[in-house]
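Only one chain comes next, encoded as structure tokens, the form predicted alone.
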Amino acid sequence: MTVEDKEWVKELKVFIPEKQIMTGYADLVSYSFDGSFGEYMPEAIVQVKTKGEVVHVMKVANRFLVPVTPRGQGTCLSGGPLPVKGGIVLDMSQWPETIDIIPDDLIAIVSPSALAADINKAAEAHGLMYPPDPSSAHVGTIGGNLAENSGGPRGLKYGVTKDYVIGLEFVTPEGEVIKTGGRTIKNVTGYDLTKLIIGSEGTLGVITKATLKLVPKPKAVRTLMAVFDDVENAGRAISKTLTSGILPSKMEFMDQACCIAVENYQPSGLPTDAAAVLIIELDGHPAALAEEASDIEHIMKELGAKKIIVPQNEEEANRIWHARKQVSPATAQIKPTKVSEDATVPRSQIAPMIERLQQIKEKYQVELVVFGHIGDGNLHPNILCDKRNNEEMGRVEEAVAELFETAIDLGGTLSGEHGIGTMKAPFMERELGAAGLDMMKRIKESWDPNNIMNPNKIFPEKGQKLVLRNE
């Protein structure tokens, strides 16, 4: 029996236009992978464009026990949109983008296909800002951001996606439409289902609309870059800054390997002889920024910065931030495969974590670079490798596993913003404990009794291990 002959496919076509249902081999392959590891073939792709279509898909899938995996643009780095159990990939990216800014309420009501960058651009037209700024903001859908609880550099001052979602429209695995939260900033009616859904990685249902909180756009921005010969001194400078009463909007870290990679890829004037580079952005009132920038310069010098670069205009500041954004494409030139992680530790453990990462690099003889949102302890250790080399990938698996264990040992967490998906599921019990993980499973079972909603994400199967090699 072909897929087209299956009863559930016929049922889908009763309501969904046939051109929005794809079962061809090339289409299935295109949806079998994301930005992480592993390839899993779905049986069908359904491109939904309305709430009614989502409701129909979920009711049919639940009746026929067909797995459903929601998907945005597939930029996820943890395996969230991988159709591990086959079934249907629910493509939300073709949904018409709508962004309705309501300035008087400081909110935006958006469709799941809207891009974070587009939401912020629309808000700026009203003198407002949507703060979450993941690196995929220009390509990833807000639906994916909501599912993974995405962060970004501005998370230090403004928080992550969940801090800006005050209401949702949501289709359950059984095809029921529910609304959570609303348009008010304060809402303590019943359980906070909005926060439960955000970061659930598509395991509880499908988001069809979101109400987002906006904030006034800051009047001015200041940038400075501090160069250190010692990572520990850089860590102390971070702590001193954050306890001084100054809260930067961004505080980014690049290690020496990152600086060298960027300079080899696209020369930007970064120091290649430095152990650590801190890039700091302040925002707020111009008068306050001048004083805060001066105070931070003093802190950096006091704690060992050998050089401080203060851009004199917007163009120079943009050049520094452009160099930071080039880290990912630059390091990708070193080897064809990149394992991007986001282990996060308490700020006091940043220096010990970086030291342990260096030990892991030497122990497993892997190419490891470190950058990230250092102000909130959200590091991005990236291991550069070649997935065609099974022996090397075996060492990478061991290195990543020890990386996760180290973050937890230091009081941190498996993920600051990328999510759990398939990659980190085997380590969940290590962080949450058996009882904590079991409670999450019980919530999942109550919402999705037939376990059709993005199965095999977050919760590991018995004996599941991290696997990055070709099998």
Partner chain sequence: MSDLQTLQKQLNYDKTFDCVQCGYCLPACPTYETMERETHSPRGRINLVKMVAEGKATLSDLEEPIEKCLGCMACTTVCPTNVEYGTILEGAKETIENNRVKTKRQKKIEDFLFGTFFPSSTWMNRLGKATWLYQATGLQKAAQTLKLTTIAPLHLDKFEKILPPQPSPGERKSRKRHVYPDQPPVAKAIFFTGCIMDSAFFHINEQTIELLRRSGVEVIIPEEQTCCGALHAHSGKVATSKELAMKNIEACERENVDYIVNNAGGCGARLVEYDHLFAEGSDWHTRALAFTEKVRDISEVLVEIDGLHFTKPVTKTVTYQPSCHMTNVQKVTTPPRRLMEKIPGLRVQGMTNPDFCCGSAGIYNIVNYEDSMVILDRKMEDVTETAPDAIVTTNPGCLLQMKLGIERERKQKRMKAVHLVELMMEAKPQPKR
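Remember, predicted model here, so these are calculated numbers, not experimental data. Positions refer to the first chain, counted from 1.
As for the form predicted in complex with the partner chain, it is not shown, yet the points below apply to it.
For the options Gly182, Pro218, Pro336, Gly394, the one in contact with the partner chain in the model of the complex, meaning a heavy atom within 4.5 Å, is Pro336. Shown without its partner, this chain lists Arg347, Lys301, His322, His138 as candidates; in the model of the complex, only His138 has a non-hydrogen atom within 4.5 angstroms of the partner chain. Look at 73 to 81, 285 to 293, 201 to 209, 100 to 108: in the model of the complex, residues with non-hydrogen atoms within 4.5 angstroms of the partner chain sit in 73 to 81. Each of Lys19, Asp27 and Gln94 comes within 4.5 Å of the partner chain in the model of the complex, counting any heavy atom. Tyr31 belongs to the set of residues with a heavy atom inside 4.5 Å of the partner chain in the model of the complex. At the 4.5 Å threshold, heavy atoms of Lys387 reach the partner chain in the model of the complex. For Gln47, a non-hydrogen atom is located within 4.5 Å of the partner chain in the model of the complex, even though that partner is not displayed. For the chain shown alone, Gly35 is a contact residue for the partner chain in the model of the complex, at least one non-hydrogen atom being within 4.5 angstroms.
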